[in-house]
Ligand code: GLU
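As structure tokens, one chain now follows by itself in the form predicted on its own.
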Amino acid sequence: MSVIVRFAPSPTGKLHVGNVRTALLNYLFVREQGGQFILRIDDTDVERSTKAYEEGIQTDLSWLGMNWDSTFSQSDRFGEYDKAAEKLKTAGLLYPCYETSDELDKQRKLLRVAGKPPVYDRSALELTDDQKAAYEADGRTPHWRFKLSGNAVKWTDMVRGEQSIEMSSLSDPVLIRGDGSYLYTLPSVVDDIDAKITHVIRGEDHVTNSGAQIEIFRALSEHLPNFAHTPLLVGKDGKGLSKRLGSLSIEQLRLDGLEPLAVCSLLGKIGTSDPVEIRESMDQLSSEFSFSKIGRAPARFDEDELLLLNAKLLHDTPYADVKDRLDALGVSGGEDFWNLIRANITKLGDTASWSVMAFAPMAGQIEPEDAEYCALAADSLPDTLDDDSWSKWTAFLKETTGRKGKSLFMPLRLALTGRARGPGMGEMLQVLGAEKAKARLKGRTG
């Protein structure tokens, strides 16, 4: 059987780490299986869906390396949903209801007061044609509910194991609103049937929905996909991410200078039994993927962990892989400079400030009490520098001034680079050159 999965975002907002993790799990599974990855644009909400958001979704997925094999939009398939709705109506499984939102809310409150579950009472099934006509004469248009069987729906979930949902505990789901627009449920089932989706991989907040959808699948077709419901993503504090999704959009991570493989390595491994470490490629992530590795606890997304992974990725990245991007950032120095500074950056954009420090004119950072020492250092620095210059120079300064440790080295580092931390000063001194180094040590622009 050829494996076919789909990622189905709504173009009503930006992709964030939560729904991208769902996309990634679909992608890794299907690539490991050699199947097809479909991008389905769930744009039945025509008022809120925009082309800009749709293009943003595609840009984000492409940046992350999740290329799709085919794509389609639900807004092009309303005719197919109409046919499915008519089939369900003919079978007596889709029925009109005329209650207002206030009436339904009152009904639920009364049930709760009586200690009963707030399940819809199916009173609409008792309406006569005359009563329906009277409602419509009053200006009410029906919403349409799918009639659940009342039996237990069971399936073997690829993450959660054996699942059973009692349909008698659920209200018949509304499939069509009073204005005639479709909710998510029916179009999703129709598309999964027509696209021959073999595996539906999504968050565990859809478990109950799956019970109802399985009954709709069975009412419309013999096709029924496998299901995998994964734990939801939470912050490192265990709380939901909903209030911080703006800062955790994929677009923002990209603009912030994160590496796509760092994002995928984190999202692909948190919540699993594998160590959270940088992988060499998406192919490696795919080859390691297994539903059996996914735990039942919520997956914790930690932005600090992402930054550490991003830094580790850059520290091991050869110059050839970043040359064009460094050129675009205006970073000078070539391969030697990259090899010197890469262990000191978290994001590639950090290289720009190091390049400015090394190659642009700037004044040294000298504390008043260190001015005389730095001037002596400038006068004793040789005009020609080599690999041994730093050690010989600082040995001379130590012997001459009696300084040692931090008091010996830190004033030199601050005067030459303006930073308390950074690459080895032996190499950095040679990058700066004697003329520039002497100027900075004397507090001048160099």
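We number the residues from 1 along the sequence you see. The shown structure was predicted, so the numbers you read here are calculated from the model rather than taken from an experiment.
This next part talks about the form predicted in complex with ligand GLU, which is not shown.
Asker: Tell me, out of 279, 202, 342, 143, which residue has a non-hydrogen atom within 4.5 angstroms of ligand GLU in the model of the complex.
Answerer: In short, 202.
Asker: Report the residue, out of 198, 188, 230, 265, that has at least one non-hydrogen atom within 4.5 angstroms of ligand GLU in the model of the complex.
Answerer: Selected residue: 188.
Asker: Does any heavy atom of residue 217 come within 4.5 Å of a heavy atom of ligand GLU in the model of the complex?
Answerer: Heavy-atom contact with ligand GLU at 4.5 Å: absent for residue 217.
Asker: Is residue 440 near ligand GLU? Define near as a heavy atom within 4.5 Å, in the model of the complex.
Answerer: Contact with ligand GLU, no.
Asker: At the 4.5 Å heavy atom threshold, is residue 223 in contact with ligand GLU in the model of the complex?
Answerer: Looking in the model of the complex, residue contacts with ligand GLU do not include residue 223, since no heavy atom lies within 4.5 Å.
Asker: Does ligand GLU come within 4.5 Å of any heavy atom of residue 430 in the model of the complex?
Answerer: Contact check for residue 430: no, nothing within 4.5 Å of ligand GLU in the model of the complex.
Asker: 384-392, 411-419, 59-67, 36-44: which one contacts ligand GLU in the model of the complex at 4.5 Å, heavy atom to heavy atom?
Answerer: Residues of 36-44 come within 4.5 Å of the partner.
Asker: At 4.5 Å, heavy atom to heavy atom, what parts of 1-17 sit next to ligand GLU in the model of the complex? List them in sequence order, or say none.
Answerer: In sequence order, 6, 8, 9, 10 come within 4.5 Å of the partner.
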